[in-house]
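The chain below stands alone and is given in structure tokens; this is the form predicted on its own.
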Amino acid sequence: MSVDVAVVPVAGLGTRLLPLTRSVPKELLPLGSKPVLQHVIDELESAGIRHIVLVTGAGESSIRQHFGIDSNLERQLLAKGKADQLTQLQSLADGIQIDYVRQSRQLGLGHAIWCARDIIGDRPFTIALGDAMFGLNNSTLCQRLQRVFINTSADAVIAFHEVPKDRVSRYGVAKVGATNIDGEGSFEVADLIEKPATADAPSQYAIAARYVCHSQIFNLLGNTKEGVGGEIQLTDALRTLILAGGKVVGVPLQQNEKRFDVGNFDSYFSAFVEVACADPIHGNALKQQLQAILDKD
């Protein structure tokens, strides 16, 4: 069994980043020289994913334009002798089938995943949130999730990262069961709590924007009622799976797999600077400029 299809929700309104996201989807905001969604697509491609379903909202046209073919722009680049830029443009999602499905109403992450059910069918699939990337050097997170999913015959596998205790209320948090169940540091997820109060959090392991699920999750999502925030939560459907005896496994991030996201201005500014400073072409010059700015203060 292989996992070669992924669902990427990109339908959020990005309200915490207004007015920056007034006309640009947060998933197309740049992290260094590429939009965050391009980083996500590249990550999935390196994990062997060849079919991606983008669940879109109001920003669908911009996203389609980014990954579509622009013959006029390609002709201009060719005419101006900009072969490197032309190659970069033509390589966007090259060899990957991208399908689009519209989430007509903002009913939460769980509902966005459910919208992809007809395209995914009965295949196991990866879920990658379109506003978060991991690491700076070819993260293997998705490959590890897929490997653990297959090797442990799990119903779902979830990536986790440890967060400070005062931030657990922002995430879905795991209650940890048996540990090191596959020799790679993975653990049994005994329960999941969506955005718990600090005192009620069963651990500091927070869900980290990547999953692999069996297609049965669609039936569970279809029967999941509105939860935190009045939305249909993927965490609630996964919790139902656990309580019904399903096998859910957690995979912790490795040290080099720092999460970069565009959830709010603090995280976005920090992520942009760090990713841009790591750029092999422009990074050193940027670091010198930043140091000069800091030296003035």
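Residue positions are given as counts along the sequence shown, with the first one as 1. Please read all numbers here as calculations on a predicted model, not as lab measurements.
Keep in mind the form predicted in complex with 1-O-phosphono-alpha-D-glucopyranose is missing from the figure; the text below concerns it.
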>> Under a 4.5 Å heavy atom criterion, is K175 part of the interface with 1-O-phosphono-alpha-D-glucopyranose in the model of the complex?
In response: no
> So in the model of the complex, does any heavy atom of I127 sit within 4.5 Å of 1-O-phosphono-alpha-D-glucopyranose?
Replying inline: no
> Given that the partner is absent here, does W114 sit within 4.5 Å of 1-O-phosphono-alpha-D-glucopyranose in the model of the complex, heavy atoms only?
Replying inline: no
>> If we define contact as a non-hydrogen atom of the residue within 4.5 angstroms of the partner, is K195 a contact of 1-O-phosphono-alpha-D-glucopyranose in the model of the complex?
In response: yes
> Among I207, A154, L141, I217, which has at least one heavy atom within 4.5 Å of 1-O-phosphono-alpha-D-glucopyranose in the model of the complex?
Replying inline: I207
>> If the cut-off is 4.5 angstroms on heavy atoms, which of these, H66, K34, R259, H51, is the one near 1-O-phosphono-alpha-D-glucopyranose in the model of the complex?
In response: R259
> Based on heavy atom distances of at most 4.5 Å to 1-O-phosphono-alpha-D-glucopyranose in the model of the complex, which listed stretch, 266 to 274, 246 to 254, 233 to 241, 34 to 42, is the contact stretch?
Replying inline: 233 to 241
